[in-house]
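What follows is one chain in C-alpha cells, specifically the form predicted alone.
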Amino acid sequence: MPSKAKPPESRPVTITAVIDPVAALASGALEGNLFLYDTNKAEGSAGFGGTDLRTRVRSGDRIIWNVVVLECETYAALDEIVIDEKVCTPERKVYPNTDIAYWTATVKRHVTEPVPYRLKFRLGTVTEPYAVSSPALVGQAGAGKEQR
C-alpha cells in the first residue's frame, strides 16, 4: 500500500523590525532606519536588513511580528499591520504582566503571488504613524528558491 505524504507541519515564522526611532524622527522617514528580518531564510525568505523583506510562508504558518528598538529611550511600537484579510488577520497581543506588544496571525491559504503589507509604527510623541509598504509574504518557490 503506498504511503500518503503528510502535509508539512505549520511552524512559527518571526518577523523582527529593528528600528532606529531617533534617526527616523530626525529624517522623517523609515527608509534607512528600519531593518526587517525573519526566521525563515532556510525556506527561501529574502531581502533581509531593509524594508523589502520577502517572507516565505505556507498555509497554516503562524507569523509573529515584533519590534527591537535601537534607542531604548525613544518610544517606538508597531501600531498596525494592513494586509489582505483573505491571507491572514493580524492581531495585537501583549506579553503577560508587561506592556510589551507583539502581533500574530496564521496564514489562511496558499500564497501564489506576493502579498504586500503595510507596517505602521508609532515613534516618539508624533501622532501620525510612520509607515512602510514594501515588505511582502511570498509562497513556496516552484523549482528553486527566490534570490535577492
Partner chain sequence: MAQQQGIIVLVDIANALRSRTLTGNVYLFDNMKFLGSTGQGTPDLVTICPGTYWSDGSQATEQVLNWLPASLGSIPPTVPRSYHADRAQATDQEALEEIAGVADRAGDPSVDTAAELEGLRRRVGARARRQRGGRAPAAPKVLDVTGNVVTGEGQAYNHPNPVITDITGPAVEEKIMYPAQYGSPDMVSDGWYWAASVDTSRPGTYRYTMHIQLHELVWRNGEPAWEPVDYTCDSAIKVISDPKRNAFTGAGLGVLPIP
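The structure displayed is predicted, hence computed values, not measured ones. Numbering follows the first chain given and starts at 1.
Beyond what is shown, the protein has a form predicted together with the partner chain; the following relates to that form.
Peer 1: So in the predicted complex, is the partner chain close enough to Ala29 to count as touching (4.5 Å, heavy atoms)?
Peer 2: Ala29: no contact with the partner chain in the predicted complex.
Peer 1: Test of understanding: in the predicted complex, would Val82 fall inside 4.5 Å of the partner chain by heavy atoms?
Peer 2: Close contact is absent here: in the predicted complex, Val82 is far from the partner chain, nothing within 4.5 Å, heavy atoms only.
Peer 1: Are any of the heavy atoms in Pro12 no more than 4.5 Å from a heavy atom of the partner chain in the predicted complex?
Peer 2: Pro12: contacts the partner chain in the predicted complex.
Peer 1: Indicate whether the partner chain has at least one heavy atom within 4.5 Å of a heavy atom of Gln140 in the predicted complex.
Peer 2: Result no; Gln140 lies far from the partner chain in the predicted complex.
Peer 1: Would the partner chain be touched by all three of Asp61, Pro116 and Val132 in the predicted complex, meaning a heavy atom each within 4.5 Å?
Peer 2: Judged in the predicted complex, none of Asp61, Pro116 and Val132 sits within 4.5 Å of the partner chain.
Peer 1: Only one of 82-90, 105-113, 30-38, 118-126 has heavy atoms within 4.5 Å of the partner chain in the predicted complex; I'd like to know which.
Peer 2: Flagged stretch: 30-38.
Peer 1: For 70-103: residues with a non-hydrogen atom within 4.5 angstroms of the partner chain in the predicted complex?
Peer 2: Going through 70-103 in order - heavy atoms within 4.5 Å of the partner chain in the predicted complex - the hits are Leu70, Tyr95, Pro96, Asn97, Thr98, Ile100, Tyr102.
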